[in-house]
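The form predicted on its own is given below as one chain in structure tokens.
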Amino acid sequence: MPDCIVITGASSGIGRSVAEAHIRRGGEVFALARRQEPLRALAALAPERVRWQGCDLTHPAMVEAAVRALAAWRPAIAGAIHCAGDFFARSISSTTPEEFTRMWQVNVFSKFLLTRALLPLLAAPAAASPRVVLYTASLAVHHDFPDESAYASAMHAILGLARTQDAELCPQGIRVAVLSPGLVRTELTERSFPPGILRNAMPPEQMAASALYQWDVIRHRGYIAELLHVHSEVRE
């Protein structure tokens, strides 16, 4: 049976590209996002292999309802690829406490909520291939950019979340890893950056290929703790 993957942020950007790529290779997708119309269009690509639910991943009750719907379809899954996220670039003096909190809720707290809720569906016999939880973080974990204190601090937290969860869950056959892209052209970045900044941005399809490569390595008992992409204008 093909892997059944929960994919968040599946309405656009990296999440949508990951979902489409996994569908093309015969996999099953449980797609989550706040916007429902793009999810309906995604499901139309392979109605028998795609289920979806509109969900604000920062709300525990909505996350629990989504996982119940998933369990009714597939009581066991191969894992999850978390692509939902938010971004803004603003100086610390102009970032409100509410904006800072929201950045952490969307990028960090939502990952904790969903992964925790999925644990019963990730249980598997000891001989089974490892289950995978893949978090999308950012180049901002490794490279300092001005005006990104809210975003960058959340990305650092994702890396810490993944490392500690992998140490905890590995004995249960669940591996947790991180994909850290550089600048990717998505609806979100097109709203956030001028065209000149985006001229060398990577396409989301490239990140989808990397995410599924990392996924496949881990499912075959290898391990890539973090896969880092650096776009052409950034050097370590």
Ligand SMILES: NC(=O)c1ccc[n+]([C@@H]2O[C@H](COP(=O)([O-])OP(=O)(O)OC[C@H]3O[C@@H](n4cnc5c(N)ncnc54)[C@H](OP(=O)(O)O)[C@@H]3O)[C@@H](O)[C@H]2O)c1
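Bear in mind that the values here come from a model prediction, so they are computed numbers and not experimental data. Throughout, we count residues from 1 along the sequence that is shown.
Absent from the display: the form predicted in complex with this ligand. The rest refers to it.
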Check Ala43 for me: does it contact this ligand in the model of the complex (non-hydrogen atoms, 4.5 angstroms)? no
Would Val67 count as touching this ligand in the model of the complex under a 4.5 Å heavy atom rule? no
Contact test in the model of the complex: Gly27 vs this ligand, heavy atoms, 4.5 Å: no
Report yes if any heavy atom of Thr58 sits within 4.5 Å of a heavy atom of this ligand in the model of the complex; otherwise report no. yes
In the model of the complex, does every one of Ser11, Val106 and Pro181 come within 4.5 Å of this ligand, counting any heavy atom? yes
For the chain seen here without its partner, which of 131-139, 69-77, 159-167, 116-124 has a heavy atom within 4.5 Å of this ligand in the model of the complex? 131-139
